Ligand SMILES: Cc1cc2nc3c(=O)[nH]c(=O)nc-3n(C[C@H](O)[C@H](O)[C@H](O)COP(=O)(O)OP(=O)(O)OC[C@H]3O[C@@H](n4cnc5c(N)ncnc54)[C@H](O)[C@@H]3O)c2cc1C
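For reference, the chain that follows is the form predicted alone, supplied as structure tokens.
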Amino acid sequence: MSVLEAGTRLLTRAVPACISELIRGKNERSGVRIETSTIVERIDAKAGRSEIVLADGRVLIADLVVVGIGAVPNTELAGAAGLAIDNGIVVDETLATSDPDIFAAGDCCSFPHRLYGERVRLEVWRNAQRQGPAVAGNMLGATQPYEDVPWFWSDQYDETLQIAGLCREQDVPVARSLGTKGRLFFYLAADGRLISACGFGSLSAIAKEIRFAEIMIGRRLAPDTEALADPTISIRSLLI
């Protein structure tokens, strides 16, 4: 099996470089050949197989090709209705569109997130799952800002990737080693607040730590960096 990636590393939009390298290593140890900075010129059908022609002139032969080219939010109906569009259907903190009688939720929804001070659009199932009830409540008059901490997961063979919050280049990273069970990375904003956390390793070790980090992010806590890095100190104890 081969993976051809146009970017300089795997999962550029989804995870920080440190996690990207862990995922690459896991896949390569499992027999996957990975090429980054690789451009596919075209794919030709030949004798029941696929010829993958690369920009550097090489030709690879495959029995099955899976192509991932990204996603575009479906905003055609909203645009036709005259709603504001900007990388998705533009909504306010309550998920109301530019027409106060129309709300939007899910992957197509671009909303301002108070934790990050920026507008985001999240293509993850839990966001869609939670925005639905939030929209219903606000349509009934609750007028509550949507402030759920973003959360994402992916199983990689016998290990798991989990991310709470948005990992950004400008935030300060703090690493915590769990030994053979995995690694965690925490990201702090300039004011010391925990802004995101990600981990890769065994589910039993990663899931609970990311859950506690998610709570800290939501509470806008600024934990001690040495405590975050020390695996002998419980993440849960930092919630106080």
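What you see is a predicted model, and the numbers here were worked out from it, not measured in a lab. In this text, residue numbers run from 1 along the sequence as written.
Below, we refer to the form predicted together with this ligand, which is not included among the displayed structures.
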>> Taking this ligand as it sits in the predicted bound form, is Thr143 in contact with it (heavy atom to heavy atom, 4.5 Å or less)?
In response: no
>> Against this ligand in the predicted bound form, would Tyr116 count as a contact residue? Criterion: heavy atoms within 4.5 Å.
In response: no
> So, in the predicted bound form, is Asn74 in contact with this ligand at a 4.5 angstroms heavy atom limit?
Replying inline: yes
>> Please tell me whether any heavy atom belonging to Glu123 falls inside 4.5 Å of a heavy atom of this ligand, as the geometry stands in the predicted bound form.
In response: yes
>> Within 4.5 angstroms, counting heavy atoms, which one of the listed stretches 101-109, 135-143, 165-173, 80-88 is next to this ligand in the predicted bound form?
In response: 101-109
